[in-house]
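The chain below stands alone, shown as structure tokens; this is the form predicted alone.
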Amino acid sequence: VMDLNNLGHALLFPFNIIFCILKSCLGLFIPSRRKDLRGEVVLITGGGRGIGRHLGKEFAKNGAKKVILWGRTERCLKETCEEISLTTGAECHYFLCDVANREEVYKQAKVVREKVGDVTILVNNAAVVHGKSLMDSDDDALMKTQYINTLGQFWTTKAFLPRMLELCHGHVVCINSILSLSSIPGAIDYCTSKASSLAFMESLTLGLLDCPGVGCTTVLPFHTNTDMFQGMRVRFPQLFPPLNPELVAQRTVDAVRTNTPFIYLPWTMRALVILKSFLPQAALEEIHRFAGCYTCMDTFKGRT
């Protein structure tokens, strides 16, 4: 009986693949149904500035019931929280929390549940970059990047996902980077952490396929114009312009509403995945030289 079942699955497999491809192509022309964000409680790590700040405003504008900001700088969190409340009318809260600290994450998660309620949309956005080569990097700085950019997602997801599964309602979002797929010199700590983060989200997304009502979205943007990558320069900014954080926030919220698992910004970044799958290493190196990837971090200053 098992052999017949396997044979049946094998015969249906190519038709299932063709169906999925056609369904995806059809989605390019027919607008996807967007879920209502009213009633959602959104928590954003690194929510005080940069992309996180714009994510808070965008979720609130799209009807989120409550927005919660986590971060390490109270002044930025307070300013953003006040701006969201004044401009959108949404209920906004902020809490000091370093996602690199596992015990602090679990402690603050408990506080959030008691004071605000169950988080239904978790946005893992917090990240740091030191912008140095391996040999020029301090060991503690290297570890800090991995703890915040990668392990922080483990702790926040473990803190909030169980309740989402109980409610059969929730969404886990990761603001990743195209550098997780195409690394550059001078940001070895960041590229490594984002590659690990992408693997985490790929595994989590597959693991939640049979969990009704709970989804995942991973956003892979190109260089975004924020203070975190201040000073970074691409060779041809007309061909490869940096993204606006407002756009990244808008596309992220839209991806959550359409339950899109992975989104590349801009969509042309998908070409990197295709090219890396068949081009020889020498050709890929020429592409990096042409785009100025080898020198783009030479003028890096970072957040001051």
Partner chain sequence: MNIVVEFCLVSCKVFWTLVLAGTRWLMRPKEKNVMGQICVITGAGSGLGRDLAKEFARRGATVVLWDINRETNEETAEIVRKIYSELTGSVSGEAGDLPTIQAQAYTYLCDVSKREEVYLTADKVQCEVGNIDILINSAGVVSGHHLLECPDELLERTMMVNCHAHFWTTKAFLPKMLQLNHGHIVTVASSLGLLRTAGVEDYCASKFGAIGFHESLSHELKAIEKDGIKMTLVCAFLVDGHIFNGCKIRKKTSPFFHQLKPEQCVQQVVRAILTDQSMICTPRSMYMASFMKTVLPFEAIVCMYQFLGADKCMYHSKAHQINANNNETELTSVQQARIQQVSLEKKGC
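Positions refer to the first chain, counted from 1. Model, not experiment: these values are computed from the prediction.
Quick note: we don't show the form predicted in complex with the partner chain, though the next part is all about it.
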Among the candidates Lys35, Arg270, Lys65, Lys61, the residue which, in the model of the complex, approaches the partner chain to within 4.5 Å (heavy atoms): Arg270
Let me know the one among Cys81, Ala127, Met232, Ile188 whose heavy atoms come within 4.5 Å of the partner chain in the model of the complex, would you? Ile188
TL;DR on 70-78, 143-151, 115-123, 87-95: the one with heavy atoms within 4.5 Å of the partner chain in the model of the complex is 143-151
Using a 4.5 Å heavy atom cut-off, state whether Asn225 contacts the partner chain in the model of the complex. no
Contact flag, Lys276 vs the partner chain in the model of the complex, heavy atom cut 4.5 Å: yes
Can you tell me if Lys107 lies within 4.5 angstroms of the partner chain in the model of the complex, counting non-hydrogen atoms only? no
Taking heavy atoms and a 4.5 Å cut-off, does Ala199 contact the partner chain in the model of the complex? yes
For the stretch 266-302, return the residues whose heavy atoms include at least one within 4.5 Å of the partner chain in the model of the complex, in the order they occur. Arg270, Val273, Ile274, Lys276, Ser277, Phe278, Leu279, Pro280, Gln281, Ala282, Ala283, Glu285, Glu286, Ile287, His288, Arg289, Phe290, Tyr294
